[in-house]
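One chain comes next, on its own, written as structure tokens: the form predicted on its own.
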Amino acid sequence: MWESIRRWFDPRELRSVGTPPDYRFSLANERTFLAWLRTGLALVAGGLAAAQFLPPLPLAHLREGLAVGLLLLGATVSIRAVDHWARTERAIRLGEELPASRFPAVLALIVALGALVLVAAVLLRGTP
């Protein structure tokens, strides 16, 4: 694990592996990384907004749970983004198959579940 983390911060090691790829592939990998990073930042912003601006919800601590969940999810997405970028860049340089990931599907399910919980909270709030 520490070896993977160390690779994130040492571009010389990444460049020493394999052969230099067509720059367009590296730039596409970087754009994907930046898109995931924007997603992580949006989740963090949503967590802060939930903590600061949502009124109390009918279920105790739902607002706080939602805020903390979004903040943790944003952090997870950001860490996953840099790890996936490094693994993909390495695979491109070595001419290997790109690493598969279930993370986008898992993230979509978590967001959908969160949305369903909020729909239930809104409906509960509307009943007397």
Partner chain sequence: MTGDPGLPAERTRLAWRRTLLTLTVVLLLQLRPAFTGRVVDAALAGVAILVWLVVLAVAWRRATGSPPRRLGRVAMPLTALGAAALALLGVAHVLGRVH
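Every value quoted in this text rests on a predicted model; they were computed, and no experiment measured them. Residue numbers count along the first chain shown, from 1.
The following text describes the form predicted together with the partner chain, which does not appear among the structures shown.
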Can you work out whether residue 14 and the partner chain are in contact in the model of the complex, taking contact to mean some heavy atom pair no more than 4.5 Å apart? yes
Is residue 101 near the partner chain? Define near as a heavy atom within 4.5 Å, in the model of the complex. no
In the model of the complex, residue 68 touching the partner chain (heavy atom, 4.5 Å): yes
Contact test in the model of the complex: residue 79 vs the partner chain, heavy atoms, 4.5 Å: yes
Using a 4.5 Å cut-off on heavy atoms, what residues in 51 to 70 are near the partner chain in the model of the complex? 51, 52, 53, 61, 64, 67, 68
